[in-house]
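A single chain, nothing else alongside it, follows as structure tokens in the form predicted alone.
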Amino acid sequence: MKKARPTLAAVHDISGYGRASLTVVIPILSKMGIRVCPLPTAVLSAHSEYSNFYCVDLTSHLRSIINHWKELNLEFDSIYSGYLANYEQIEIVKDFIKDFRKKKQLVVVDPVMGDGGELYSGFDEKIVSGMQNLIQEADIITPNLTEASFLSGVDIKDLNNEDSILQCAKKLSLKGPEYVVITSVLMNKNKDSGVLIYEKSSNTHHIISRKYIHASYPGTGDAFTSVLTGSMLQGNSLIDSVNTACDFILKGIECRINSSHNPLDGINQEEVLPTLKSIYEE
């Protein structure tokens, strides 16, 4: 018997130009056989790393959209949140997760707040506090090393080896999530890029690594967590799902690295999307 197609609520902004947020989330998850229901938090002319971008904040509309979904008696096999622009949006998403909670639901929170040891422009400790509350509702969180530092209160300078990052992951798991996946972990004196996975119930951890490529492309975090989530919804293990996500990102970067395109355009996901498999059919 063919498996039913899972339905996922994706709480992200949408950028008209640049591969990030919903323009990454929707095609990846759709290719993997997931039905995506977007709950857009904002509409941007181009993603936020482009200068002078225009933004329409949808915070005041979110509850009305959610209320209509309640009237329609919608159910979601997964809820997946990414960039949230302000504290109020974080609170709305927290309530949304609670209101739509059901058994065997996968809740994934990508706590997008910063990188390179700093919070993104416009974010402050109130955002950090809000995100610390939001991850309590998650089954899986996927912070990068900077976000893990802010969420845990551990100075990023002290997250300089496998044991210290593992202890940070354990600390984050105490806030609620069963799985903590910390990305952007440099290994072997920057020769490899690693992902640390911690599972709370078994108190076990794993390191997944790939060769480090000295390049930066917006939207890679969105792509990574989207592939991971899609793979988990297909019934794969977290370790297998992280491996699939790492392979996807590496291939996307390799397709882009020698290209003349602006790095702000993001990785070449169109070229690597065919490598993703779907086991679902209507």
Ligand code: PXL
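Numbering starts at 1 and runs along the sequence shown. Keep in mind that this is a model prediction, so the values were computed, not measured.
Here the subject shifts to the form predicted together with the ligand, a form of this protein not shown in this document.
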{"query": "Contact at Ser81, Phe100 and Glu137 by the ligand in the model of the complex, all three, heavy atom at most 4.5 Å", "finding": "no"}
{"query": "Leu44, heavy atom within 4.5 angstroms of the ligand in the model of the complex", "finding": "yes"}
{"query": "4.5 Å heavy atom contact, Ser241 and the ligand in the model of the complex", "finding": "no"}
{"query": "Contact of Tyr212 with the ligand in the model of the complex (heavy atom, 4.5 Å)", "finding": "no"}
{"query": "Proximity of Gln269 to the ligand in the model of the complex, heavy atoms at 4.5 Å", "finding": "no"}
{"query": "Among 45 to 53, 58 to 66, 250 to 258, 228 to 236, the region lying within 4.5 Å of the ligand in the model of the complex by heavy atom distance", "finding": "45 to 53"}
{"query": "Residue among Val107, Ala169, Ile90, Val112 with a heavy atom within 4.5 Å of the ligand in the model of the complex", "finding": "Val112"}
{"query": "Stretch 6 to 21: residues contacting the ligand in the model of the complex, 4.5 Å heavy atom cut-off", "finding": "Asp13, Ser15, Ala20, Ser21"}
